[in-house]
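Listed next as C-alpha cells is one chain, alone, in the form predicted alone.
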C-alpha cells in the first residue's frame, strides 16, 4: 500500500499512542505526537482517508480512532522491515569492527612481547551490563525460532529457540512487537518475574512460547564471550630460572590454556585502571609461582574494558614493563576510540 509520508507518520502516531494508553486517539492528540506542524482540521482529513483505507476505525461516534488489524499489519511489517535493514547494516559494520579489533589486539600482544622480551596476553573487551537494545524473532522452521539479540554497545548475539508448538508468521510478528515494547532498554537483572508474567499475560495465549523465548534470551545475555590473545611464550626460555622443564611446561600450558591467567587478571576488579603486580608466591596460580605478572585495564567507553598482562621472571625490569603497559593503554585508547 502506497501512503504519503504524512499519512504514514499520522498512522504511526495513532498506533504508538494507542499502544501506550489503550484509548482512542483524537486529532488534537496526534498534533502533539508528530513533527508535521499540522492543524487539527488537516489531521482529521488525513485520519478520514486512513479510515477509508481500512487502517483505522472509529469505535464510537465523536470518539477518536484506533488501529484496525490492517493498520497493525502495515505498522508491524514496516517496523520489522526497518529493523531488518538496520540489523543487516549493523551486522556488516560490526563484522568489520570485530575483525579490525581482533587484528589490533593480536598485534598489540605481539608488540608488547617483542618490546619487553616477556610473555604477554590481552583480552577482548567485556561489557559490565547486558542491556537489551532490540530483539528480533524469526521463524526458521515449524520447530525452531531464531532470536537475534542486539545489546547496548551494538553487540549482536544469535540463539536458536526450540519451540513446543508451531506458530504462524502473524504470531511471530505480534510477539516481536510485545517483547520489544516490554524489554527494550532493560538489563538482564532487571527482567524480573513481574515483567515476565505481564508479558505472558499480554501474549494472547502464547505464554509458554514467550517463556521459551525469554529463557533463551536470559541464557544468551548471561554468556561471556571473551578471547584472550597471547604472544612471546617462548621468551621464558631466555631466563635460566624458568628454563626448568617442569616449570616451563606448566607455564607454557597456562599460557596456551589461558583460562586461569584470564581469571586472575579479572579477579582484581573490572574498573581498576591502575597497574597490578603479582610477584612469585603472591600469585594464586601454581604455574606462575616462580614468575611475576603485571596487569592493567584498558577502556573503550563507559562500561567497556579489557585486560592486558605481562609474565616474566621475578627479576623482570618492572619500570620498563609498567611504562610499556602505560604506553599501550594510551595507544589503544587512541586507536579503538576512533
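Residue numbers count along the first chain shown, from 1. None of these values were measured; they are calculated from a predicted model.
The protein also exists as the form predicted in complex with a further copy of the same chain; that form is not presented, and the subsequent description refers to it.
- For the candidate set 115, 262, 182, 139, a heavy atom within 4.5 Å of a further copy of the same chain in the predicted complex is found for exactly one residue, namely 139.
- Note on the partner interface in the predicted complex: the residue among 106, 198, 81, 73 having a heavy atom within 4.5 angstroms of a further copy of the same chain is 106.
- Contact annotation for residue 248: at least one heavy atom lies within 4.5 Å of a further copy of the same chain in the predicted complex.
- When contacts are judged by a 4.5 Å heavy atom cut-off, residue 216 does not count as touching a further copy of the same chain in the predicted complex.
- Interface residue remark: residue 144 is counted as part of the site for a further copy of the same chain in the predicted complex, having a heavy atom within 4.5 Å.
- Contact annotation for residue 190: none of its heavy atoms lies within 4.5 Å of a further copy of the same chain in the predicted complex.
- Not one of 29, 44 and 168 comes within 4.5 Å of a further copy of the same chain in the predicted complex, counting any heavy atom.
- In the predicted complex, 243, 245, 248, 249, 252, 253, 256, 257 are the residues of 239-257 with at least one heavy atom within 4.5 Å of a further copy of the same chain, listed from first to last.
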